[in-house]
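Single chain ahead, by itself, as structure tokens, in the form predicted alone.
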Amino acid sequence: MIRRLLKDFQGDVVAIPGRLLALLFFLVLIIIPVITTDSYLLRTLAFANIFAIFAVSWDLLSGYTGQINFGHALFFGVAAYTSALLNLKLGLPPWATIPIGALASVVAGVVVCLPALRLRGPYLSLVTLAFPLILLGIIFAFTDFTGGELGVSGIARISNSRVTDFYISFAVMFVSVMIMWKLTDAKSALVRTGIIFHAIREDEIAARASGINTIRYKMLAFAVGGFFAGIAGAFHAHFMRIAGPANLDLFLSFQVIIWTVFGGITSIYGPVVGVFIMYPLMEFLRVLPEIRMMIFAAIVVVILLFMPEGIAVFIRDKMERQCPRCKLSNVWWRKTCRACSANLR
């Protein structure tokens, strides 16, 4: 059994540069608290873990199924407020409020999905943009319960250690990303969801004509995307110890799109790369508040100009060659496929 696992590891991870690079990236993240216990750095990386879940959830919904959501912060905010209120009003601990907050986001995802069953393209995007604004109106209307502009503060911490916070956020990020990657993997023999999502994005009418229940899979995409965005929102609320209107801000919805497109849309790993490059960079650029946003915009424009598919996809394409016969990935310097020996050049 161990020999077979090692063989599969060598064939499926070590032999594919992109996956090997991802493995090294996760290993580096794991050992960072061993090298340094700098509170600011660990806090920044913990929030990067949270926003990586948020970005990947948008990629699953909008990148894979084509249901472009301009109001993804709705799921983030619903979970944040639900977790905060349950913790303050009922005294529930974070390990209970976080999954309940994520389930509340699933309900929000199903509600948002209802217009998606009848709308497409820019019309759907505009409708999704309206939902966070509607929720903000409700929050400002019931200030005694929601805290209004000040939000809900004083909620319980995840832990009392910055290192523990980082490792918890990392573990949740890793598991969440792996689940979403497996769910959207079109090459998986066990899960066909990924290829169905692709079919819906490319031509929903043709997918429906092929016998695919597009309504079921669109609702699944909204529910799963909402669940993991809710996980991120609930964790963010407990890390910050506050849930407020900023969790529903339109800028947050557009920021997650920028992170995803910057890293590489429809790739799962692209949003993770985008977040871990852009979020720490913007945090460290707070020392230059006058030109901080200008630098951010310039970097995004340059990347999209020269790497339109995203920086992660660009790097992967430079490191790997896909076999034209068996579609297996090979390291870029190979002349023949490692599986079927087909000519790669």
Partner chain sequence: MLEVKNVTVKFDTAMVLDDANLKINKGELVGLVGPNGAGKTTLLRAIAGLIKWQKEVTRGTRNANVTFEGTVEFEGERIDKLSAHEIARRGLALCPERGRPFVEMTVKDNLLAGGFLCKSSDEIKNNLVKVYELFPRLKERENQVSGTLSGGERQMLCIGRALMHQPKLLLVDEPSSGLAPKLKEDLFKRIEDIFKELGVTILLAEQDISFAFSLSSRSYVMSRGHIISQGTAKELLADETIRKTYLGL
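Residue numbers count along the first chain shown, from 1. Fair warning: this is a prediction, and the values are worked out from it, not measured in the lab. Each form is matched to the other, and the largest set of C-alpha atoms that superpose within 1.5 Å is called the rigid core.
Note that the form predicted together with the partner chain isn't included here; everything after this is about it.
**Prompt:** Which of these residues, 143, 161, 210, 153, gets a heavy atom within 4.5 Å of the partner chain in the predicted bound form?
**Reply:** None of the other options qualify; the answer is 210.
**Request:** Scan 89, 157, 118, 182 and let me know which has any heavy atom within 4.5 Å of the partner chain in the predicted bound form.
**Result:** Answer to the contact question: 118.
**Request:** Give a yes or no on whether each residue among 198, 204 and 326 has a heavy atom within 4.5 Å of the partner chain in the predicted bound form.
**Result:** Answer is yes for this spot.
**Message:** Given a 4.5 Å cut-off on heavy atoms, tell me which of 242-250, 118-126, 227-235, 169-177 is the interface stretch with the partner chain in the predicted bound form.
**Reply:** Among the candidates, contact is made by 118-126.
**Message:** in the predicted bound form, is there a heavy atom of the partner chain that lies within 4.5 Å of any heavy atom of residue 254, even though the partner is absent here?
**Reply:** Result no; residue 254 lies far from the partner chain in the predicted bound form.
**Asked** Fitting the rigid core first, would the Cα of residue 24 be found 2 Å or more away between this form and the one not shown?
**Response** Comparing forms between this form and the one not shown, the residue 24 CA shifts below 2 Å.
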